[in-house]
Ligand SMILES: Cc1cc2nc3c(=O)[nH]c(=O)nc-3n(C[C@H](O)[C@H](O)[C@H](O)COP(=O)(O)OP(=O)(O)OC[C@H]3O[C@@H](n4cnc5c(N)ncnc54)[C@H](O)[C@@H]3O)c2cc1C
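Form predicted on its own, single chain, as structure tokens, below.
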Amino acid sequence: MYRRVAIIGGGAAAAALLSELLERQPPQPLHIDWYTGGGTPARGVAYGTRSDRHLLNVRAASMSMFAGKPRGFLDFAQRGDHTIAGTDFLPRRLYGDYLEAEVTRALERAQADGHDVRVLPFAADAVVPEQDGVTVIHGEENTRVDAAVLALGSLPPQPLSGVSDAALASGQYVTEPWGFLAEAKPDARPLKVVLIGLGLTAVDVLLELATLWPNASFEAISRHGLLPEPHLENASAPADDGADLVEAMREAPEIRRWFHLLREAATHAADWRTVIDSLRPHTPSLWALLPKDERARFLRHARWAWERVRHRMAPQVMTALQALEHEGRLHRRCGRLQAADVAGEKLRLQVRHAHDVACDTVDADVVIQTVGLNTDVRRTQHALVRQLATNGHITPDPLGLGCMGTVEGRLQHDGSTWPHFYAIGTLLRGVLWESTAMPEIRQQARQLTDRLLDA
């Protein structure tokens, strides 16, 4: 077993791995260095919100941190409110509380069991993997560990091309919505707010600002102008395990064929959601079958459609958004941002529709970029990831989906696999595709713990 392990990252994936390692009661004491990067350990960006308007997109019964304790989060929530049901969509704030509580419990148990866990409230400056271990560097301190795990979550958002330096310097063009929401104050002015992107992040921004800014109007621009689909009011299970559909997809790993099969299966199902959900356990193995050109075709033409049906929102969130549209406060439009620049006290956007040559001009008081997760390590400003990529310690996924690695989480470089250097979560999106939600994260944490303790 690896006795000295570094976990680099302070969010839910890191918390899940730490807690899983300590939960196992390994036969020998562990020394774990947890580089949390500052902020509140365990919550990360995803669960750092304090707003009750930001709901989980998965029902409470499916959100346990531990694969072996499926009622973990539900039991925690019901201790505070016995009326909560497993089918409820609860605030992400509450889930952050749960993660913090589990980490606190794990750290207390670690001390009692003789483990040495250092919670280091800063980021690692550099990581140097080698064949017999890994060196983690912070400031003047070089720490040698048996294994290191990158649990960094999504990389910092980058502004879209066409956004001028002046627009960024104005503070009116927001690339990082969560920090912006955390600092947002009530404002009664009749502001014009434009959102670039219409995924789940845009949904959270709309819910929060529509309340804080009661006289603001919102225009949301995306390629197809469509919101994520909602979950059903009542939980539903697939009529079967989807084995026939999965087998048919395995026989023909081609995107057009797959979507034909999905549409056909949906027509015979009581609800299309059950078809999509039946694929969840098989997604990594199906993704592995796709050649690079088919993955690229998926990203260009089908990713938007898959994301809106796979990553759905709570039904009460859809009701709130429909109310905003009915009131005339929210307008959706199809288009792509071509340019953004300062024009007096406002920002002026150039937006092009799919088949138009000319651009429309849109003026806004605030523009918020909500285009989803950034996983492109080739262009990131994240200091540690840049160091790893520049020094050739990691190989970027050629399609911008994190790092090259194995399905077990080992990172690769120059066609070789590091024996002691791992990743968990978002950086493995190119390997597993679905690698960002808690049900997938907890399974990765369990499997990675097996490898770390059995090595």
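Residue numbers here begin at 1 and follow the sequence given. Note that the structure is a prediction, hence the values are computed from the model and not measured.
Just so it is clear, the following notes concern the form predicted together with the ligand, a form of the same protein that is not shown.
**Student:** Of these, 369, 380, 154, 222, which has a heavy atom no more than 4.5 Å from the ligand in the model of the complex?
**Tutor:** The residue in contact is 154.
**Student:** If contact means any heavy atom within 4.5 Å, which of 121-129, 284-292, 267-275, 252-260 contacts the ligand in the model of the complex?
**Tutor:** One stretch meets the cut-off, namely 121-129.
**Student:** With a 4.5 Å heavy atom cut-off, would you call residue 431 a contact of the ligand in the model of the complex?
**Tutor:** It does not: once the ligand is placed as it appears in the model of the complex, residue 431 has no heavy atom within 4.5 Å of it.
**Student:** Using heavy atoms and a 4.5 Å limit, would one call residue 422 a contact residue for the ligand in the model of the complex?
**Tutor:** So residue 422 does not count as contacting the ligand.
**Student:** How about residue 436: is it within 4.5 Å of the ligand in the model of the complex, going by heavy atoms?
**Tutor:** Yes, residue 436 sits close enough to the ligand in the model of the complex that at least one of its heavy atoms falls within 4.5 Å.
**Student:** If you check in the model of the complex, is residue 8 within 4.5 Å of the ligand, heavy atoms only?
**Tutor:** Yes, contact at 4.5 Å.
**Student:** Suppose contact means any heavy atom within 4.5 Å; which members of 80-100 contact the ligand in the model of the complex?
**Tutor:** Residue within 4.5 Å: 92, and no other.
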